[in-house]
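Here's a solo chain for you in structure tokens, the form predicted alone.
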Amino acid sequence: MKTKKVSKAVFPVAGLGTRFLPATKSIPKEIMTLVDRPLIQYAIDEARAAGIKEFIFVTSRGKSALEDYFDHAPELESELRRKGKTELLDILKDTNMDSGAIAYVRQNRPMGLGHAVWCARRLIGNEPFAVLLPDDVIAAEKPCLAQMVEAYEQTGGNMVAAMEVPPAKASSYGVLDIAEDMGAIVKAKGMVEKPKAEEAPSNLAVIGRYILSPSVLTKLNRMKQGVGGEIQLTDAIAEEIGSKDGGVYGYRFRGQRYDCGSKAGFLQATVAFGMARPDLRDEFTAYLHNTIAQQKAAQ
């Protein structure tokens, strides 16, 4: 199947991050560091690995630190160069974005994920596009979005990243109603946003990676409110099921997803990513073992 190349990605980063107050009183949640990189850097690196060339950020008031992060820092770079710290200079290069590669649009009211994506419609145009939620950090040998791009080349249409969740937690996600299960790829016949556990059509939940047809934006134009009175992206995608544009597919990605929008998930990711780092692994693992041993001894 001949599909258009996915070269644009939308990053909805307008949220207030209230679950991380008071830290997010002064810094955007997306700038909070997981080991030594902010959450947004993980999302950007994943998008780059999937061939994304244009990066669209949907922001709000108070996000200037996020914009500054991707700009050049001439004074810092000059000082590192003067001191011969070439390794740190190389690290900084990954945080710089070429002129014109990154764009910012404002979401002036918190009206839901669907509305945030809709705000980027003029920059997306009539092309397929990716959406990445920085709260969802995925550790994978091949980055999740790169896996999805390969699968999308086979299916076309719309594709969402999916994973099995315990039935009791289905109410926290959009959930797929499966028409055909082909292993890594499933064809959907329905999608339900945050269903009650007993009403969930499956335990295959949608997480924060999407490849979408521009026709989804047409659906979002209607400003139809869904669960919570918000404009739900899931609802617009569900309307694509059975359409002539190729329908909707779920992709069971290979990797471990961490919900860094919650404190527990952020801490779990910190432990996992810290233990995966060769420069930190031995000292950090020894500390964790000692801490656990002390807790057991105290019981």
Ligand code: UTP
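As the structure is a prediction and not an experimental result, all values here were calculated from the model. One-based numbering along the sequence shown.
The same protein also exists as the form predicted in complex with the named molecule; that form is not shown, yet it is the one meant from here on.
In plain terms, the part of the chain that comes close to the named molecule in the predicted bound form, with a heavy atom within 4.5 Å, is 126 to 134 out of 126 to 134, 176 to 184, 156 to 164, 211 to 219. Remark: Leu16 counts among the residues lining the named molecule in the predicted bound form, judged by a heavy atom distance of 4.5 Å or less. Although the partner is absent from this view, Met111 contacts the named molecule in the predicted bound form, with a non-hydrogen atom inside 4.5 angstroms. Residue contact check for Gln147: none of its heavy atoms lie within 4.5 Å of the named molecule in the predicted bound form. By the criterion of a heavy atom within 4.5 Å, Met191 is excluded from the residues contacting the named molecule in the predicted bound form. Contact check at 4.5 Å (heavy atoms) against the named molecule in the predicted bound form: all three of Pro12, Glu30 and Ala116 pass.
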